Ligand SMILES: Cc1cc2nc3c(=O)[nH]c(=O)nc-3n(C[C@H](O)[C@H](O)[C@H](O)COP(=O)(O)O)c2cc1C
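This document opens with one chain alone, in structure tokens, the form predicted on its own.
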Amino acid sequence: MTPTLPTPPPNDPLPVAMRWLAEATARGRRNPNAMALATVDAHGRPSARMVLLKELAAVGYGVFYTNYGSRKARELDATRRAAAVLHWDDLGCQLRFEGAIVRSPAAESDAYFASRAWRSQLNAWSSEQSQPIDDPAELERRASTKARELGVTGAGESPPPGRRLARPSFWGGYRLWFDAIELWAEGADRFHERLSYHRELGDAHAHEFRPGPWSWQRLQP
């Protein structure tokens, strides 16, 4: 069933966004939380890639994880801004986000890293994300070396019982705090529905903002 936008529009777009994400997840599709993340560099040159949205918080931010030395991380740290899109063609709906970027609390990144599969943890330790590599086999060799350094005999083996890998300091989460959200619902004959929401984020405090109320307006398709 194609989602339609509520009438009258809600004062807060997050419950609708969270409901759409939950419905996409319930359908069993692969990576329903796949999100296109757009950044710009210091010269205004844009780039985009897919990341996984790991949390959509009711207060109005989304969380994703990456290597802090990657291209996207360098651009995020430099500009402190990003935009993102989730599109579910089978549901006929789309979410657009824009907002301010802060790094996630260390404890939050630690908890998520601990939940990852062993090989995914090892990859985070081994890969210099976005840096050139001549041979993919080199990454496997580096992973085997790192596994031994971390107390595991081989890259294919799990850590000994009770042995947990700590999160590397160069890897962790970001919070994208939304100051703009667009809800888009597909309509017949391209008579789509669009609701555009905006708010002021207010003062930043550590990993948080003090956002103001949302305002909304309808947009033509």
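Source: prediction; values computed, not measured. Just count from 1 along the sequence shown to find any residue number.
The same protein has a further form, the form predicted in complex with this ligand, not shown here; the description that follows concerns it.
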Can you work out whether A42 and this ligand are in contact in the predicted bound form, taking contact to mean some heavy atom pair no more than 4.5 Å apart? no
Could you tell me if A180 has a non-hydrogen atom within 4.5 Å of this ligand in the predicted bound form? no
So, in the predicted bound form, is L52 in contact with this ligand at a 4.5 angstroms heavy atom limit? yes
Hey, in the predicted bound form, is S70 touching this ligand, heavy atoms inside 4.5 Å? yes
Report the residue, out of T79, Q129, N123, Q94, that has at least one non-hydrogen atom within 4.5 angstroms of this ligand in the predicted bound form. Q129
Can you tell me which bits of 197 to 221 touch this ligand in the predicted bound form, meaning any heavy atom within 4.5 Å? none
